[in-house]
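Just the one chain here, laid out as structure tokens, in the form predicted alone.
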């Protein structure tokens, strides 16, 4: 029996607004508990919610960025359930009138494009935070504390259609969504801070079947690495159960990072269990064309547009996706530097390899002001034109990170320019051939690996002061005519 997995992702995006969704309390980032509270976010009797206009603007931007249609006439609902960190016993959310519907995101897996269909994008408020003392898990905690700083923070939930087929595809989707909210400027997108939190709905069914298998929801994944491991584990668990003719139940499970397994938490609720009804304290929400246009005009760039810009420079899809998902300064530095070098691959390799590597080693988080695209292009061209060796290029870069120098002048002043003088190179080659007759006698053809050894000996003899390309050319001529 061939089984295929089907995955749907539910992602909560914490919006980067100054105040909470339905009150004027500040959104704070602190470990000090319960310092940003009011009767509304504590759910006290008589407190009335007032919607945050900026948060609604942000959700419209996200919906448009995810290619959704906008629901112009909608409403807020009450999603009813009891939990200690939800003191009013319901969450203000949206049910049958989400802000965005029928969208999609383009994702990159290795060097190919895929599309993930998005079912809905809706607005809601966050809950408080339960802190389980002792073990950190509710089932074995000695006691539980409640912090309501997060209660009422604006959240957007983005729900995909169940069409994701692998853990790698799910990870690529989350990476794309994270970059989208960062590029839109509506969320910091930090997984470690809980700005993005995601659940995976997983099922397996016989290949070719029109019906999906029983859905299991996986929670408690706080990193992309955990997401990939949890999905792969759950697919294997469900596949084995089906093959052993065991029944899969619809439930919510959590990913245990220590045991590297999913464990049952509770049976899965359906929409009927939440007893949704329209919130009587909030009016219907009307999003008119003017509001949509204002939101649209604030979208300056998306990951998809950035990738297209990078592809136009000649980069591969995978390299473009790497820069697209990286830090903004690196993306902009690449675009300005490649205009100077005209060589996309060498520019990409030098910036993402040597430059980032030396910055990490020196613990430099920001480029010095003098290290601009013009100087980097000059250094890259020196190496690519074989005027300096790779070792010398690395040394020049290290100097450039701590001091304002001109790469070409520095190379010249410090005797780093490689010679292409054929007479000088021929003399060095002749000397190395004479010293390595045993190696020469073993050579079979110009592609022999031992040719590289002899080139290396010439470079060593010259202390890397000659052009390796010219060395190889002279060496082959001397050996094979």
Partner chain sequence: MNRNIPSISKLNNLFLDKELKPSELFEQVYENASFTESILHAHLELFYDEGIENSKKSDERFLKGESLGKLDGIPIAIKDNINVYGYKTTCSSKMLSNYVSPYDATVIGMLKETGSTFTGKTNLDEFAMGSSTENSAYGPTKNPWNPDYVPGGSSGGSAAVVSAGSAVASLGSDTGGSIRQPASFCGVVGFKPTYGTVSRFGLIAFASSLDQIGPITNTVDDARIIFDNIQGYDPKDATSIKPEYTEPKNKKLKIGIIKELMQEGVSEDSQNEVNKVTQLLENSGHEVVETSLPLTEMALSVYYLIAPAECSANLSRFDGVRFGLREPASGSYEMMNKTRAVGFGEEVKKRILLGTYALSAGYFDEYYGRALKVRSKIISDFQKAFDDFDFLISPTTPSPAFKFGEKTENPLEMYLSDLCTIPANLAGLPAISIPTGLSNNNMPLSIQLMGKPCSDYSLLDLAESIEDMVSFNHLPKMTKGDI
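Residue numbers count along the first chain shown, from 1. Quick caveat, the model's predicted, so the values are computed rather than measured.
The form predicted in complex with its partner chain exists for this protein as well; it is not shown, and the discussion that follows is about that form.
Problem - The single option of 368, 134, 84, 353 touching its partner chain in the model of the complex, heavy atom within 4.5 Å - result: In short, 84.
Handout entry: The unique member of 195, 336, 80, 309 whose heavy atoms fall within 4.5 Å of its partner chain in the model of the complex
Key = Contact check passes for 80.
Exercise for the section: Given its partner chain in the model of the complex, answer whether the residues 108, 323 and 329 all have a heavy atom inside 4.5 Å of it. Expected result: The answer is no: none of the three residues contacts the partner (heavy atom, 4.5 Å cut-off).
Exercise for the section: Among 442-450, 428-436, 34-42, 64-72, mark the stretch whose residues have heavy atoms within 4.5 Å of its partner chain in the model of the complex. Expected result: That would be stretch 34-42.
Handout entry: residue 190: touches its partner chain in the model of the complex, heavy atom cutoff 4.5 angstroms
Key = The answer is no: residue 190 has no heavy atom within 4.5 Å of its partner chain.
Problem - is_contact(residue 223, its partner chain) in the model of the complex, heavy atom dist at most 4.5 Å - result: No, residue 223 is distant from the partner.
Exercise for the section: With heavy atoms only and a cut-off of 4.5 Å, decide whether residue 280 touches its partner chain in the model of the complex. Expected result: Contact check for residue 280: yes, within 4.5 Å of its partner chain in the model of the complex.
Practice task
Find out whether any non-hydrogen atom of residue 90 is located within 4.5 angstroms of its partner chain in the model of the complex, and reply yes or no.
Solution key: Taking the distances in the model of the complex, the answer for residue 90 is yes, it comes within 4.5 Å of its partner chain.
Problem - Neighbours of its partner chain in the model of the complex among 40-56 [non-hydrogen atom within 4.5 angstroms] - result: Sequence-ordered list: 40, 42, 43, 44, 45, 46, 47, 48, 49, 50, 51.
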